[in-house]
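What follows is a single chain, given as structure tokens, in the form predicted alone.
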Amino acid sequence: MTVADLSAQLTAYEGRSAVLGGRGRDPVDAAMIRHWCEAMGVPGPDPAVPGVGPGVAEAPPAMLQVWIMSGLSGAVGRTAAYEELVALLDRAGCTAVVATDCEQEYLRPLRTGDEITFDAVIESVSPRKTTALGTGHFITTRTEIRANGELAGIHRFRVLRYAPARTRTASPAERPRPVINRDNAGFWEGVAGHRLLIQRCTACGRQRFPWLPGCGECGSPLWEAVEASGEGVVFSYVVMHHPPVPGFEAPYAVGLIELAEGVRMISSLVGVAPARIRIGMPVALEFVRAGDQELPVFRAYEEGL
């Protein structure tokens, strides 16, 4: 299929429905508003809207998309046309997706108790574009969001469906170097000598990592360096597939490690296929050489091995 043929097929989907008869999973509610405000670090709304009644709160306008998100259960009301568009792009090699931007227009406040319904159309599909991520097409959907049947807002959402760009495999020596400053220089000096050093406040005894100039518990600037055992467990982790990072070959795992001393640190997880890593898996400290830099990593161990 030529580029022109593919573009013609893609633009034929413009104006077709992407979601028809969508319904918010829950009415607008105070708990979700509170969680959102806490996560964003903004004050919560007044619990009484003037002229509406006590106990009724308005949701911040920027929450518009929150009420139509489908969650892990998948999209509700998604049309065959949108699925066909995605399948066409998949066959063309555009199997990766990344959200790029959104625009919102607010027409009426959303208040606790409002029932949310929505419909979306495929507003545009761009010609083929070449980006740093790869070559693909931008898809823009336009969603009309209604509260109790009344148009409350318009949400435009744009994604890039693309074929990932080919990248060469870089050597470990090309890994980004850590930022070393006056606050953490002692840690990296320890790493150079194959020692994992954490801090202990000499005023209250609290141990901490990463290295900081003062104690977050009591505020004391007095501390001493303590060598950690290097034993711990996987507290949390992510498996990185994209974007490419020099010195790393995807997929690779990055773990939040809870050390035996009670502090947590982020580092590479090695020794086990990323797909087999689990929360609570035991790990042990190792040091690897990347160019002229020593780095701490953790080797994960599957139970029973």
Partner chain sequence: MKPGDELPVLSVPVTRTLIVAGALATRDFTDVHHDPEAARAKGAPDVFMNILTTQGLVSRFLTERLGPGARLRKLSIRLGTPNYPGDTLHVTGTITSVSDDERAVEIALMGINSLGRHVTGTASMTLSPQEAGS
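Just so it is clear, the structure is predicted and the values come from calculations on it, not from any experiment. Numbering follows the first chain given and starts at 1.
A second form of this protein, the form predicted in complex with the partner chain, is not displayed here; the remarks below concern that form.
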None of 231, 83, 115, 105 but one has a heavy atom within 4.5 Å of the partner chain in the predicted complex; the exception is 105
Answer with yes or no whether residue 92 is in contact with the partner chain in the predicted complex, where contact means some heavy atom within 4.5 Å.
-> no
May I ask you to check whether residue 30 falls inside a 4.5 Å heavy atom distance of the partner chain in the predicted complex?
-> no
Report whether the minimum heavy atom distance between residue 42 and the partner chain in the predicted complex is within 4.5 Å.
-> yes
Residue 142: heavy atom within 4.5 Å of the partner chain in the predicted complex?
-> no
Please state whether all three residues 99, 157 and 164 have a non-hydrogen atom within 4.5 angstroms of the partner chain in the predicted complex.
-> yes
Could you list which residues of 178-205 come within 4.5 Å of the partner chain in the predicted complex, counting heavy atoms only?
-> none
